[in-house]
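A lone chain, given as structure tokens: the form predicted on its own.
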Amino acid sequence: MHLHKYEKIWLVFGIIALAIFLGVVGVSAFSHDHTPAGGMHTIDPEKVNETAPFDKPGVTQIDDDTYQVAIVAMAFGYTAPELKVPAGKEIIFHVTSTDVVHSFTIDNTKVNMMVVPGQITTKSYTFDKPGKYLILCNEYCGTGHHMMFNEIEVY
């Protein structure tokens, strides 16, 4: 097969441009420690109920200005007792799943996390206004998906 001189030039140019592009993407991803949103912490999905903080899900006060909320997502529900947190304080959500991929979305906020079995997803948020906020699963997880919701009260 015979390639014309200009075809060879453009072919070499395209290969070099592709190599530079892939090099830039690779270097920027690895040199800046890019990780999935929510972190890289892992957990054994079969031992979630035995592992802190998921052995006692709910709200825990860490210090005067910080609260932690541990929640386990599972088929068609979230294991969390009554969730009440104060407005104006930092709330750190730790969420994991025992079965399939779920999402953890708090309506009218910027909290939207993918919840994957075997991973602990973390998100920090400060509620500005008191009220009741709806927690939804936006990832289809089975036939009872439409019933997967909870509520968090901000006082």
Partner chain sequence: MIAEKDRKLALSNIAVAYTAFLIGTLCGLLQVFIRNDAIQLPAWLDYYQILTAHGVLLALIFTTFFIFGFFVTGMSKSLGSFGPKVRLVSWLGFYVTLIGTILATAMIVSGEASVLYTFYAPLKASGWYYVGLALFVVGTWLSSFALIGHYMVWRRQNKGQLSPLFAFMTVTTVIMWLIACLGVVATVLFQYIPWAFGWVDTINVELSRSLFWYFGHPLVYFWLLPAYMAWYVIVPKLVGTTVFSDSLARLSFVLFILFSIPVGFHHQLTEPGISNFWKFLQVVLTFMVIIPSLMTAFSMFATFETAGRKNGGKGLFGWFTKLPWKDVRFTSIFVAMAFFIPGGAGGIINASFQLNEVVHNTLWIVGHFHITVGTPVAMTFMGLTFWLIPYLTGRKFTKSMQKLGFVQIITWSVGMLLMSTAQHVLGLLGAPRRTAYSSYNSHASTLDWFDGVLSSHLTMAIGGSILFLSAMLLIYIVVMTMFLSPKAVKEKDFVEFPMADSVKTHTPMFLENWWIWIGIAFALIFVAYAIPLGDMIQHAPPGSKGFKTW
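Residue numbers count along the first chain shown, from 1. We call the rigid core whatever largest set of C-alpha positions still superposes within 1.5 Å between the two forms. All of these numbers come straight from a predicted model, not from anything done at the bench.
One more form of this protein, predicted together with the partner chain, exists but is not displayed; see below.
Does at least one non-hydrogen atom of G118 fall within 4.5 angstroms of the partner chain in the predicted bound form?
So G118 counts as contacting the partner chain.
Would you check, heavy atoms only and a 4.5 Å threshold, whether K123 touches the partner chain in the predicted bound form?
Yes - in the predicted bound form, heavy atoms of K123 and the partner chain come within 4.5 Å of each other.
Does D99 make contact with the partner chain in the predicted bound form, using a 4.5 Å heavy atom cut-off?
Heavy-atom contact with the partner chain at 4.5 Å: present for D99.
Looking in the predicted bound form, any heavy atom of A87 within 4.5 Å of the partner chain?
The answer is no: A87 has no heavy atom within 4.5 Å of the partner chain.
D65, D55, E46, D128 - the one with a heavy atom within 4.5 Å of the partner chain in the predicted bound form:
It is E46 that has a heavy atom within 4.5 Å of the partner.
Within 4.5 Å of the partner chain in the predicted bound form, which residues of 11 to 29 have a heavy atom? Give them in sequence order, or say none.
If the 4.5 Å heavy-atom criterion is applied to the partner chain in the predicted bound form, 11 to 29 yields L11, G14, I15, L18, F21, L22, V25, G26, S28, A29.
Answer yes if the Cα of G142 shifts by 2 angstroms or more between this form and the one not shown on a rigid-core superposition, and no otherwise.
For G142, whose C-alpha is compared between this form and the one not shown after core superposition, the shift is less than 2 Å.
Could you tell me whether the Cα atom of G131 shifts by at least 2 Å between this form and the one not shown after core superposition?
After core superposition, the displacement of the G131 C-alpha between this form and the one not shown stays below 2 Å, so no.
Rigid core superposed, CA of G118 - does it shift 2 Å or more between this form and the one not shown?
Not so; G118 is displaced by less than 2 Å.
With a change of at least 3 Å, which way does the C-alpha separation between V25 and S124 go in the predicted bound form: closer or farther?
Result: closer.
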